[in-house]
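The chain below stands alone, shown as structure tokens; this is the form predicted alone.
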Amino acid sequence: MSIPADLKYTKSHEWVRLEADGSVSVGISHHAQELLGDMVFVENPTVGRKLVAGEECAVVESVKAASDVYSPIAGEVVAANGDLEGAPETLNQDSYAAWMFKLKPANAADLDGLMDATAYAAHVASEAH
């Protein structure tokens, strides 16, 4: 299973990458897309929407199930990856390249509360039992 060390993770299987401009990109982990299977639909939050940490803000749907995507931190949506609407299978091809939306964090220090790759790997392993 692929878990890039340069990203942060949530217990609900979102990944978070701090960008050079201070925004954060958010997507679903390799583990999440593997569990869901072939993606057929993605609904991202609208630009300008203010989110609180843990809020349901997007949906991914596969041939197996639909799953909510949660905001990893509080912030304002500054971009949504519209390419995923026409090609949701991109999430299956490379879930770490296929970001879903970008946030301007309300407080960048909130990133410190997310899991690093080692903690996320342990979290995934604990769920497998």
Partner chain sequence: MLKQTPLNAKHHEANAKLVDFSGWEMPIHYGSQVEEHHFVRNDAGMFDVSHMLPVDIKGEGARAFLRKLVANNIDKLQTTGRALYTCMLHEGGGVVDDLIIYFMSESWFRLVVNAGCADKDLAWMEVQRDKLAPKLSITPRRDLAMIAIQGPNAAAKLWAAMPGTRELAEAMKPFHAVVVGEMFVARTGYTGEDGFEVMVPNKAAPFFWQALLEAGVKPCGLGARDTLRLEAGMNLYGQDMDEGVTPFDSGLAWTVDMSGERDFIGKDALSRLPRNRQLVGLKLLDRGVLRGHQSVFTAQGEGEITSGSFSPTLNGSIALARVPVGIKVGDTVEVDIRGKRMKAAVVKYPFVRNGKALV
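These numbers come from a predicted model, not from an experiment. Residue numbers count along the first chain shown, from 1.
Note that the form predicted in complex with the partner chain isn't included here; everything after this is about it.
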Check your understanding: From the list Ala66, Ala97, Val47, Val52, which entry has a heavy atom within 4.5 Å of the partner chain in the predicted bound form?
Key -> Ala66
Check your understanding: So, Val42, Val59 and Ser62: all three within 4.5 Å of the partner chain in the predicted bound form by heavy atoms, or not?
Key -> yes
Practice item. Please run the contact check for Asp83 against the partner chain in the predicted bound form: heavy atoms, 4.5 angstroms, yes or no? Key: no
